[in-house]
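Consider the single chain below, provided in structure tokens and representing the form predicted alone.
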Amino acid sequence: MISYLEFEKPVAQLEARIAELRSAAEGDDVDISAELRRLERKSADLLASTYAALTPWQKTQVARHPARPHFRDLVHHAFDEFIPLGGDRYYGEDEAILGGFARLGGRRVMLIGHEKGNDTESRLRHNFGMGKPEGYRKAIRLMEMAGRFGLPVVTLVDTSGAFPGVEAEERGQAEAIARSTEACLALPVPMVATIVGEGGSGGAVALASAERVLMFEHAIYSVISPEGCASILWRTAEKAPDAAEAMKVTAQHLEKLGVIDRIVPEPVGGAHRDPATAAGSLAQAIGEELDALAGRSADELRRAREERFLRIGGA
């Protein structure tokens, strides 16, 4: 069952009508195949036109869709031989940030990313993808390991932000995020980061300070959530759609601004409608970027990262 978003109601009504016709036609001698084909074409065209004109706030809803593929889903469809590695060797394990060795098209990589979970139990276990200090320190450990072994680093970013709880602050959340960002910038091996859902605040930047930053077509990336921005500027979260528009959170806006380097296409109707196809597009894009970065020295890679971030916001 597809969970429809508010702006998808016309599509939902058409698809419900198609389902009713199919059900009514079972065991009936009346041929309604032509009418079904007409409605299916109409539904597909409506879905395509709707997703071709999404507002930033609607893209935010798509990026947060409960069925959107997360880290484990993308690993299943796009990577092979994933070997998870846990713990930060200081405090404990954080299941909001996962990582380990993996293969991408025959190439061994260090894969790190946020996992939000896909039901109530798993969302609680993974803390809705909001990393704690031990999660970012684990990411640092894995990045340093990748540097020692000469493995490229691939990150899948999907978080509303780092965990804001008191216990996280007590364990040095800000310092852990800063150190993780520093570890990205200092890597002696290629790094490709992809914003696959939400890219929120420092919790996202800590895993996305790469020389190549990709973004799914309907993902979002911003310094704060639209609701958080609206609460600060207008004292009400109801202005979130206006905040999303003003902050330029979409992949299309951010590519023009130079914040990201490449947009990865999603299936019509969003990655949640066809996770396997979305993951395949992602794997192809990451592989192409890693091919382009192969053979560069550690100094060249670090200089490329420095230059790409210094260019952001330039005249």
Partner chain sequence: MNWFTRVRNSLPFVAKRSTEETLWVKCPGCSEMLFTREYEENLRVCPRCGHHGRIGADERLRQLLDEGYEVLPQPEVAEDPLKFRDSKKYTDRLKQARAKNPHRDAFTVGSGAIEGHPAVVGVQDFGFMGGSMGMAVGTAFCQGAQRALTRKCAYIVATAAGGARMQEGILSLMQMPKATVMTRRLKEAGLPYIVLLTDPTTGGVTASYAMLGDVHIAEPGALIGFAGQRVIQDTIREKLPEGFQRAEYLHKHGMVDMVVGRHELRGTLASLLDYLQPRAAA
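Worth saying up front: this structure is predicted, and the values here are computed from it rather than measured. Numbering follows the first chain given and starts at 1.
Beyond the structure shown, there is the form predicted together with its partner chain, which is absent from this document and is the topic of what follows.
For a residue to qualify, one of its non-hydrogen atoms must sit within 4.5 Å of its partner chain in the model of the complex; all three of G172, G202 and R302 qualify. Screening I263, A283, M247, L290 for any heavy atom within 4.5 Å of its partner chain in the model of the complex leaves a single hit, M247. The closest heavy atom approach of E20 to its partner chain in the model of the complex falls outside 4.5 Å. Taking the partner from elsewhere, A237 is found to have every heavy atom lying beyond 4.5 Å of its partner chain in the model of the complex. Its partner chain in the model of the complex is not approached by F7, whose heavy atoms all lie more than 4.5 angstroms from it. At a distance threshold of 4.5 angstroms between non-hydrogen atoms, V62 is out of contact with its partner chain in the model of the complex. The partner is not drawn, yet in the model of the complex one stretch among 112 to 120, 202 to 210, 67 to 75, 92 to 100 has residues with heavy atoms inside 4.5 Å of its partner chain: 202 to 210.
The partner is not shown here, but in the model of the complex the stretch 151 to 172 reaches within 4.5 angstroms of its partner chain through a heavy atom at A162, F163, P164, G165, V166, E169, E170, R171, G172.
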